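One protein chain, two forms: both are listed below as structure tokens, the first as structure 1 and the second as structure 2.
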Structure 1
Amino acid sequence: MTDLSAGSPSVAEIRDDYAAQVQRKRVYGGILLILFVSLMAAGFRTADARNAGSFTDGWHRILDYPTEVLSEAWEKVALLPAHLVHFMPALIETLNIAAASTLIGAVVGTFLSLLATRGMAPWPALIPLFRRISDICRAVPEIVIALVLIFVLGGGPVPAMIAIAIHTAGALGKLFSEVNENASLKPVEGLHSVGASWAQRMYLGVIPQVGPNYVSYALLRFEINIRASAILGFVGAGGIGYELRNSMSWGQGKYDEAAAIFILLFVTIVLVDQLSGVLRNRLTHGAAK
């Protein structure tokens, strides 16, 4: 910065200073850009070298598999409606996993967030503990818990549900506690003054304030959890992902089934995406719009 108090510098001086500053900024920007590009390039080359097939050999084959699947599905297009009906129960299971885990996660996340928000926590000393708990729950990828639980509980929807619920509880716990921090504490104090218990204070004083935001975040989570439960099915936790892996490992001859599952999964994800988008918009911006 030029020191203005020390006599007025000439216009030329200011211009030189400014030019030097711009120059410096450009150099920094350029260095950052070069660094970034070289990082990307080096990273790409490393990934390419450690991959089974290289990018240059494979990129023209990207469409081979979809074409194969689609052409076979097209030949047997008459069977498609039957397949769609056949895989409906698996899809419903996937949706159930997502919905149940979202609900359980939201309930647990609510408690975690209330216990971790200053002013609402019944044991303020334990706030950091509950924060760390939700951090750890959030950091565990679902697949880790799911795989371990599959070993103990056997394959099926329950391991997936528990795994997703744990992650959801952590993720929502963090988001909810951010919402809680913006909530007014006056109703809580009012309820306290008339002798309400902690549960009553939270249920009557806090939840009505934060409810719409909670629901909006939970809906977003539901969207994510559908994808997650499809993926977990792929590693043996039931639902449509499991069917997808089965029909894929059969290979040719079952591609019509794979195509039917692709369609079901795609349509479901897009539908839930749109629906929850509309609902969330309404919750955050109000119905009248």
Structure 2
Amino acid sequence: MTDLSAGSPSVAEIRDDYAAQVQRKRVYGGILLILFVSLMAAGFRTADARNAGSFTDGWHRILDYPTEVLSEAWEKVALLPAHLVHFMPALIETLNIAAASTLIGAVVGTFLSLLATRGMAPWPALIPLFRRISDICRAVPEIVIALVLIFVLGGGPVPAMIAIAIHTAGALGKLFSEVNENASLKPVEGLHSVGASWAQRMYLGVIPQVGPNYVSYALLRFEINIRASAILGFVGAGGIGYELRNSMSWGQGKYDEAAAIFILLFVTIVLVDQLSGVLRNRLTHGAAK
């Protein structure tokens, strides 16, 4: 009779092998942690050496600027309601920039994703080209694109909208293409068999499947674009960021205006985050019964 346990490792051998694997994992983890800390320390020393002043000499003054802003804003707190009303048009301009750039970017990103997805692209040989276009669009920061466009078109909201739209198209094109990978191709094949065009196959066979995820990602991108449009105002691209840059200049006595702008941005971002979160949940999980 054959002994089935012959050649099988014993419990002790399994335990020793497991302990050895755990030990190796800890050693590798420790080595990676040491390398990470070393790189962080070296990078900090390099950056500190290139600064106009040393971090160790100025860290104790890190709260001087926020303290001055808050103290001046508190002294002029009676003017806060008037400032909120005054900067509301600039906030609306920022929201318009974010909304327009998100809409344009979502439309372009949809076409890029469909053209770069296997089984859906009308020209399969050009799939790598459209993927590289998407990569380029999201690889270049919005502020770099905005600076170039401001040099060409001049300051204002248009350069900011174009810059954010280009970056949004690349980012959403990547996200949408990943959603497309999970879509069923059976409706597309069925429509193709009855002579439907490419646009009809995408509109009737793909978009109904991926539409909720598309809208969810677009809403999330809208939140990001609000922050981006506010930041681009610092380089002269209009919106509330431009007003914030002017009010935060040191020594102008406008820190009460800066505080009002911060409040408007904070409230707006929180409201948009909450509303888009509710909409995303309804789209992905359906309305609660």
Partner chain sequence: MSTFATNLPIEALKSEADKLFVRKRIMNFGLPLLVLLYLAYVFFAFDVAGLYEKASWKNGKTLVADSYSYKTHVTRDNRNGEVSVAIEGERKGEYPEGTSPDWVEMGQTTVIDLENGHVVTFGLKSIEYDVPGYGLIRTTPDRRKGVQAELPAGDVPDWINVSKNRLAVTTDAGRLTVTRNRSEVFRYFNGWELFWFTLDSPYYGKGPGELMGLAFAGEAGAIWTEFWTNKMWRHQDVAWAIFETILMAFLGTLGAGIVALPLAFIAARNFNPLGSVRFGVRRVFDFVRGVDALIWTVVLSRAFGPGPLTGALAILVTDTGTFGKIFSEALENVDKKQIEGVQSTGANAPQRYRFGVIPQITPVLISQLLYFLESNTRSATIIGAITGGGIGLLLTQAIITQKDWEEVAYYIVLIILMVMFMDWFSGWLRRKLISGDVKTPRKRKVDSKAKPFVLP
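Only the largest set of C-alpha atoms that superpose within 1.5 Å between the two forms is called the rigid core. All residue numbers here follow the sequence of structure 1, with the first residue given the number 1. Computed from a predicted structure; not experimentally measured.
| field | Pair member which, unlike the other, is the form predicted together with its partner chain | value | The form predicted together with its partner chain is shown as structure 1.
| message | Is residue 19 displaced by at least 2 Å at its C-alpha between the two structures when the rigid core is overlaid? | response | Moves: yes, 2 Å or greater.
| task | For residue 32, tell me the Cα shift between the two structures once the rigid core is superposed, in Å to one decimal. | result | Displacement of the alpha carbon, after core fit: 2.7 Å.
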